[in-house]
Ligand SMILES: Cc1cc2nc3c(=O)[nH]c(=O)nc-3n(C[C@H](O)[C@H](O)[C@H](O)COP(=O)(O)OP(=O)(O)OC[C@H]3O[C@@H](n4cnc5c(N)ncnc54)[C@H](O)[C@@H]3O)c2cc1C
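Presented as structure tokens, the chain that follows is alone, the form predicted alone.
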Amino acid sequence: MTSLPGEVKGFKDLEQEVQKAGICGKCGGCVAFCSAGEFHALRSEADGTPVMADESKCLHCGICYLICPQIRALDQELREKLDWKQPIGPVRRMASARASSQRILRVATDGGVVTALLTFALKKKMIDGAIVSRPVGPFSREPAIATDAESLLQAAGSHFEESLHVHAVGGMYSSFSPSIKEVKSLGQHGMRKIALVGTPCQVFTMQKMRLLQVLPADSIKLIIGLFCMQNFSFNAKARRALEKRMSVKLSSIDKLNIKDDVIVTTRKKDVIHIPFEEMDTFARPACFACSDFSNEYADISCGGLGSPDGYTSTILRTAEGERLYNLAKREGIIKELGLRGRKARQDHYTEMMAKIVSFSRRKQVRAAKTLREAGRGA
């Protein structure tokens, strides 16, 4: 069933246009909005799939449809509000940086900039807490609300304790954490100033909620976006295939990172590089419909691509993001890559930008192809 011209589109349209097309990312945005508003018309299945729980409670407002990251209805309005520019959104400044804290660096995937900035923001009472995802295995993460430095450290990076090296619910593994679903509980915690760390689809949904002034999006004061080519989701059978491809057991993995390719480091410090194309079998289908690599709608975007090992590529996109970064840098919380001479700095900036733009183009081409095949493209 699809809506007639002039009708407000709603969850039934999402089922047709997104779920049946196989591109639902299970980000939790539609359920988070519906639950936070105490409507409870929607709920999530065990695997994260949103479903209609009680149609009699549905207000038919259409907001669940509009905030879905796979629906492009608010693209133009959002781009105008956030002063979006080609080729990768607004860029006020870009740098390779790392945390000064050795504690953070020991657990960080790259340079620990995200953890350092959030820890600093908490200390300065700029935020009450942060919605993050914490690793519970090489390909498993879960959402959490961090309110102190220790909980932020637990969520940092991709190093895995022995007790957490294999974690799955119902035989499924997923590196995607539906962090946005934690938004619905902010009122219960009494938090009014929250940072959100998320993937492009999560950030896109949150920015659309802010655009529509949907509660509780007003509590989100800072958005840090992560570079994202794709997340992974697979069952026990696929796990065995992945272990065969990597020639290592998941239980022997110490660190997982994604830069130019997928980088796996074992407990014996062996490093395995796997091209993205060889990991496509294990990728979440919805990721192929996403065109945003560098998290273009965040206040600050972070990732490893474009920076040397031990540093985070950091894109400052808004005045709020730049203010936090500059304060943290001024107080020595983060340090930038030391490059002598104007030419060296310009060359590094050009190389970083070129890599990020190249990966962005790859993801855009892939998304256009996926949407055409799903009957959603031009």
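Please read these numbers as outputs of a predicted model, since none were measured by experiment. Heads up: residue numbers just count along the shown sequence, starting at 1.
One more form of this protein, predicted in complex with the named molecule, exists but is not displayed; see below.
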query: 132, 141 and 228 all contacting the named molecule in the predicted complex, non-hydrogen atom within 4.5 Å; finding: yes
query: Options 112 to 120, 265 to 273, 87 to 95, 238 to 246; stretch whose heavy atom lies within 4.5 Å of the named molecule in the predicted complex; finding: 112 to 120
query: 4.5 Å heavy atom contact, residue 257 and the named molecule in the predicted complex; finding: yes
query: Residue 297, heavy atom within 4.5 angstroms of the named molecule in the predicted complex; finding: no
query: Heavy atom of residue 175 within 4.5 Å of the named molecule in the predicted complex; finding: yes
query: is_contact(residue 206, the named molecule) in the predicted complex, heavy atom dist at most 4.5 Å; finding: no
query: The single option of 223, 127, 302, 183 touching the named molecule in the predicted complex, heavy atom within 4.5 Å; finding: 302
query: Neighbours of the named molecule in the predicted complex among 348 to 370 [non-hydrogen atom within 4.5 angstroms]; finding: none
